[in-house]
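This document starts with one chain, in the form predicted on its own, laid out as structure tokens.
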Amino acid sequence: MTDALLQVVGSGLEVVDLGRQLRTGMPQSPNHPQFWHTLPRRHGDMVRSDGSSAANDMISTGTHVGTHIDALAHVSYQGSMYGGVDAVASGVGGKYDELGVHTIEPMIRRGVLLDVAGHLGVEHCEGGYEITVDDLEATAKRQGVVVEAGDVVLIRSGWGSKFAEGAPYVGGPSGVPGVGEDGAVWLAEHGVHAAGADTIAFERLAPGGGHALLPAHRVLLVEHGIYIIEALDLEGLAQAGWSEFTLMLVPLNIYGATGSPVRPLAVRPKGAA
């Protein structure tokens, strides 16, 4: 018997890539080590007797650069991580055994795009704009979608269109749009599995405030065990008009790490309405 999933795949799929290309010098949070790529060996450096040669690469990177997912070990509050795990004791030995990124199972889940910028009729929300619960609910209503338990909800502010500009995307002086504590609570009340956005830190950053306060991270990661995906490219998804899709996301299996670069894919059967 042919597997139903194989039948869908065999009939053709439409795929939208939600990941940013990793490049040296790309915009990122100043709190994390930069991505760096170099070629220790180039063609011609060593040539074999038959005239062939090989090139190879080396990369160094923080785990929270480019499009990436935050493991539950990434944030603590008043000394504890999710489930009451002692944050200091857990880090002894230089890895987080209990809540590291290796504990995140590969995601093949219902994805929902909430295109807040599209709903508001703007190219992008202004720097420092807080995406409210009313914004989230009105966007979902306009798109005709219902956020359900276990979903991965992706919130488009339009700020991702600034990624190629570099520093303006990071938004130090201007701030960055995103949900605040209330929006994070709304997501948690809906029982989502993960939440993501097209911005550097997922949640609202106040103008000039940097990463000084991140209440949505506390609500999602520490209080509810909900993963956060940052620096997504949601422009193509919005242009395609997809509100619902299958989200596929697999973190690198780095034992004890607090996060991982990812390349999420939005997938639908070809010709789906």
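Only a predicted model underlies this, so the values are computations on that prediction, with no experimental measurement involved. Think of the rigid core as the biggest set of C-alphas that the two forms share within 1.5 Å after superposition. Just count from 1 along the sequence shown to find any residue number.
There is another form of the same protein, the form predicted together with a further copy of the same chain; it is not shown, and what comes next is about it.
J.: Heavy atoms within 4.5 Å of a further copy of the same chain in the model of the complex: does S174 have any?
T.: Heavy-atom contact with a further copy of the same chain at 4.5 Å: absent for S174.
J.: Against a further copy of the same chain in the model of the complex, would A206 count as a contact residue? Criterion: heavy atoms within 4.5 Å.
T.: Because no heavy atom of A206 falls inside 4.5 Å of a further copy of the same chain in the model of the complex, the answer is no.
J.: Is there a heavy atom of Y227 lying 4.5 Å or less from a heavy atom of a further copy of the same chain in the model of the complex?
T.: Y227 lies outside the contact set for a further copy of the same chain.
J.: Residue-level question: is A238 within 4.5 Å of a further copy of the same chain in the model of the complex, judged on heavy atoms?
T.: A238: no, not in contact with a further copy of the same chain in the model of the complex.
J.: Partner absent here, but in the model of the complex, which of 155-163, 130-138, 79-87, 184-192 has residues with a heavy atom within 4.5 Å of a further copy of the same chain?
T.: Of the options given, it is 79-87.
J.: With a further copy of the same chain taken in the model of the complex, which residues across 242-258 come within 4.5 angstroms through any non-hydrogen atom?
T.: The stretch 242-258, when checked against a further copy of the same chain in the model of the complex, contributes E244, F245, T246, M248, V250, P251, L252, N253, I254, Y255, G256, A257, T258 at the 4.5 Å heavy-atom cut-off.
J.: Answer yes if the Cα of D57 shifts by 2 angstroms or more between this form and the one not shown on a rigid-core superposition, and no otherwise.
T.: The answer is no; the displacement is under 2 Å.
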